[in-house]
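Before any questions on binding or motion, here is one chain by itself as structure tokens, the form predicted on its own.
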Amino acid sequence: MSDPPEDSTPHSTGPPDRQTLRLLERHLASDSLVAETAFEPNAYEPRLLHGVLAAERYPDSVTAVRLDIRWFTTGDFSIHYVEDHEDGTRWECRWDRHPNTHNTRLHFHEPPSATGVTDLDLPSLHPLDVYSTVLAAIENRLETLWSAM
């Protein structure tokens, strides 16, 4: 597995990268923050990886937490973090690399609604490096939630 090509197809994400999705699933499944993982539509032809995070690691005001991961053979990806709160609100953000008209190919949809978008600069686009960046951000978010109690 290597970093994505510098000049991947400019207007297409390409097909799902099943090998990378399976790699990321193995890492998620071994993380103590993750309660369960699942592929859509199935493990044989995965297009989307769901990670359900362990609700008991969050304050009671958070009722559900998930991470949705799409990865493509072009090296494009979308990693969406979503918290559902007992008051009916949702806190979410998303790390994206894909063709779009709103920002650079690599960008971040800011919390709490994931509507604000900024360009993103990551030191590496290797899937495990991106995964580590996202998990570190989730750990920081978890600390912020607990410190606000």
Partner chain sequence: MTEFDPAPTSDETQRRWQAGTDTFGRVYDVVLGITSPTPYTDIAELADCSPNAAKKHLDRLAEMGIAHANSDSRPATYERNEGYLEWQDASRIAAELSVDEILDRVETLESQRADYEVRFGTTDPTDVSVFDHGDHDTIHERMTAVSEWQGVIRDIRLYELARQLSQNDGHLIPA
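Since this is a predicted model, take the numbers as computed values, not measurements. Positions refer to the first chain, counted from 1.
The same protein also has a form predicted together with its partner chain, omitted here; what follows describes it.
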(message) So, Thr89 and its partner chain: in the model of the complex, are they within 4.5 Å at any heavy atom pair?
(response) no
(message) Quick check on Asp31: any heavy atom within 4.5 Å of its partner chain in the model of the complex?
(response) yes
(message) Taking any heavy atom pair closer than or equal to 4.5 Å as contact, tell me whether Val65 reaches its partner chain in the model of the complex.
(response) no
(request) Indicate whether its partner chain has at least one heavy atom within 4.5 Å of a heavy atom of Cys93 in the model of the complex. (result) yes
(message) Just to make sure I understand: among 24-60, which residues lie within 4.5 Å of its partner chain in the model of the complex, judging by heavy atoms?
(response) Arg26, His27, Asp31, Ser32, Leu33, Asn42, Tyr44, Glu45, Arg47
